[in-house]
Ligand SMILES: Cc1cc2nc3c(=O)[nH]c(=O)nc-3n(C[C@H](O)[C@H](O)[C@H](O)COP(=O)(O)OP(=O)(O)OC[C@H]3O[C@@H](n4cnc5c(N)ncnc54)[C@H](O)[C@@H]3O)c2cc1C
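In structure tokens, the next block holds one chain alone, the form predicted on its own.
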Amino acid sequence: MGRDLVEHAVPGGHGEFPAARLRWDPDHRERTWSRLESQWDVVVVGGGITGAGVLRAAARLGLRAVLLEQEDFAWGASSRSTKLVHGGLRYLARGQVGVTRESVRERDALVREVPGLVAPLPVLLPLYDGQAARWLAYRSALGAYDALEGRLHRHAVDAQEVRLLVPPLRRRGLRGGLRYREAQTDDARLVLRVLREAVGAGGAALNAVRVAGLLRRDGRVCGVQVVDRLTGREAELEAAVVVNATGAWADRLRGQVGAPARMRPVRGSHLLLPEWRFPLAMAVNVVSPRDGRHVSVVPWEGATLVGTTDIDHGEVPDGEPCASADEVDYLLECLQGPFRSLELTAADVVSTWSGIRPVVSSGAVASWDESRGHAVWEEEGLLTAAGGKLTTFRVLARDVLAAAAPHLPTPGRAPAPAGPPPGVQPAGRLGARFGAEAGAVLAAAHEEDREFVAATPTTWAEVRWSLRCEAVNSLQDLMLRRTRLGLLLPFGGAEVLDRVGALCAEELGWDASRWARERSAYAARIRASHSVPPREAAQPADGGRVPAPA
């Protein structure tokens, strides 16, 4: 089992991992807090993929940089995506050539630099009778895709090959398909990987720290006031540059400098179905019968993911978004044509999730017509990283630091090279997810921790390591972001919670009272945000209705 988890992770065995330096436990939190009230080069507000990318880029330049997240790392859209690292074929179809070119380049770079965590994913677009125009349009788009990649691929497959690739597809009227490649990831683990690399390079990161206000001097932002949400203590941090990387919530911080709203919060909801009910060996791109949008059906972590919707959310919430009943219906409708024989219903859904995308508004009528490009705005000393997508987080980080450069000291060192450290060749699941720390994860595991958690690819070794070393403050942090057990198992993983509770007591010192509170709050979160909503449930602020085609 150990060799399945990680092979040839480091030269010389487990002792060479910098595990102690990167152990995010209460002592680490205290040490980090004790040095907050000092002069920083960069303060990053927001712990999603954008903020993590900025922190890592700054730390690798030798800058004094700290990241502050009021909830948990990857709490927002960065843990609630479709798990795709993709070039964006649909962006190309809408003429967003620049976004697509950038995305293709970054997708391929991430596959090389974080192998396994960002893994190649074959995708099939099935084509049926009456779709000749669609066939020609996408053949042309894939030709342009190849040109942007700089290499040619065979895309067209006949009906017989399609049936072999995706046996559950409806056969009647099937004419063939188009095959192309993208990549996929565990989005929350990617954020953690980038953050831990940032801390390893000298940066600092704290979750559960709320930025209560901005400090100003001579009309410019010069720092932040913060509150520790775990203890209530307060601090003031001065910085040469404050970066607003709060995603869909960016306008809230911008409002403190009098800037007008420019974001368009867009909700994307997803369903997860069990593999035994919906088996797939590759992703399939299906078309909504309601509005003609493309929806992805993706094998992920031993299950099948369906998403996403794309609707205006209105005001961003203080709490967590959730899928509406109509969105669940919309996604299931997308499966009824191509996968009719499976007779999938809401009763088959294991979990749901919704994320609020940080889209920059251009005034487009439909939310899905907005560009997924990014922007960097400087307003009275506050730098806002706006828009973008998971795939292009490194580009946005570089653009942020380029805009910040006039206010920063000369970097203390050249940027560190990307990819695995020299001599380190991580392999297997732990190598993919934990990189150079994979051997330490395995070394910390008890014998029984090498078992899988129920019917998932997650091991108990990962659970123990997350509790010990990854800044877990709540059961929700552990089950929904450090691991994805709360999404992969029915009822949020209720069947494994007793063993999880025993590990929390062992690693975090939680007593029976603390565990009861955590378990109750977690169960409420699963019901509110990750279950199929009843038809009579109150809808989100916009009514949760998926727009009909114009």
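Note that residue numbering begins at 1 and tracks the sequence as displayed. Predicted, not measured: the structure shown is a model, and the values here were computed from it.
Keep in mind that the form predicted in complex with this ligand is not shown, yet the notes after this line are about it.
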F339, heavy atom within 4.5 angstroms of this ligand in the predicted complex: no
This ligand contact in the predicted complex: W75, any heavy atom under 4.5 Å: yes
At 4.5 Å between heavy atoms, is W249 in contact with this ligand in the predicted complex? yes
Touches this ligand in the predicted complex: V242 (any heavy atom, 4.5 Å): no
In contact with this ligand in the predicted complex (heavy atoms, 4.5 Å), from 196-204, 77-85, 436-444, 456-464, is stretch 77-85
Heavy atom within 4.5 Å of this ligand in the predicted complex: which of Q476, S324, T100, T391? T391
Picking from E71, D449, D108, D399, the single residue whose non-hydrogen atoms come within 4.5 angstroms of this ligand in the predicted complex is E71
Residue by residue through 38-53, which ones have a non-hydrogen atom no more than 4.5 angstroms from this ligand in the predicted complex? V45, G46, G47, G48, I49, T50, G51
